[in-house]
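Just one chain is shown here, as structure tokens, and it is the form predicted on its own.
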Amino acid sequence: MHITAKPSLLMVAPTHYEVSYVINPWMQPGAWGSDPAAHRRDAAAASAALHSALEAAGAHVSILPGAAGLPDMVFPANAAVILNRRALVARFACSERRGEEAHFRAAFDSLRARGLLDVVEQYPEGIFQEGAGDAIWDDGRQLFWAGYGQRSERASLAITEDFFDVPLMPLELVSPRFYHLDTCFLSLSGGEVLYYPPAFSEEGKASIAAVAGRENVILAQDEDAAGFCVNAVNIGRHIVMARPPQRLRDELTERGYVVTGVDLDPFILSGGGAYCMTLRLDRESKPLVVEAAAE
């Protein structure tokens, strides 16, 4: 892996990807099993298309090998929370994914050895938190939007906040269909947030409106959420997402974004989209500017 001045994203090769178990309502092992060879070919093509779209949007993409028996490693957003060259490695709630922890920890330790990260630690044993999928950095507001209630525990919030020493806005997820925040919430570079209201508690929806400002809220519709369009990658004014409905594309375009749709159907069979398939390695917070008091 090599980090450049461009936004740096990690993907995992889909060599070992398959849909062989069910840990969320979207997973369809039966559909995968109807023609595994064809689905593997389609997954390889979809991963390559996402890679190309991200690079066209201005990112540098590093590819980490996957591991046999760990098909969901292709979703590295869940591997860790990373900010300011500090990585906090996930603890997975589902036993099917816990084997990923050692592989990702080794990858981040390698980055640290090469001087590309400064600190690599892990959430305490028994405290479940599933990485950047439940801790979305908002560069404009300098805070994490942090999901909890499905996979990540509320107890993880204070650990995230203390480790990175930045503010955090908790958002409770109330639907098993939207088990990570990134499936239903997207923070955009212009200050807008795109989110799917049925995934959140009333308190969470009120928090989003209060912090983002109602003028910055874009409400995702059922078809956007079902198509994993909210699970998108924003790089500057570019948004890369699973193929969006024309209405959503038009709304984002009117707000000044360039939208690239990618066929990610093989990964939607497992409940993941563009954001799930990436992990941003180089996010940095900005120092607070304290104005001197007038004498």
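The structure displayed is predicted, hence computed values, not measured ones. Don't overthink the numbering: it's just position in the shown sequence, from 1.
FYI, the form predicted in complex with arginine isn't displayed, but the following is about it.
Taking the partner from elsewhere, Cys276 is found to have a heavy atom lying within 4.5 Å of arginine in the predicted bound form. Within 4.5 Å of any heavy atom of arginine in the predicted bound form lies no heavy atom of Ser152. Within this chain, Gly147 is remote from the site of arginine in the predicted bound form, having no heavy atom within 4.5 Å. Within this chain, Arg91 is remote from the site of arginine in the predicted bound form, having no heavy atom within 4.5 Å. The stretch among 102 to 110, 161 to 169, 70 to 78, 201 to 209 whose residues place heavy atoms within 4.5 Å of arginine in the predicted bound form is 70 to 78. The single contact residue among Val258, Ala226, Ala44, Met27, judged by any heavy atom lying within 4.5 Å of arginine in the predicted bound form, is Met27. Residues of 266 to 285 lying near arginine in the predicted bound form, listed in sequence order, are Ser270, Gly271, Gly272, Cys276, the criterion being any heavy atom within 4.5 Å.
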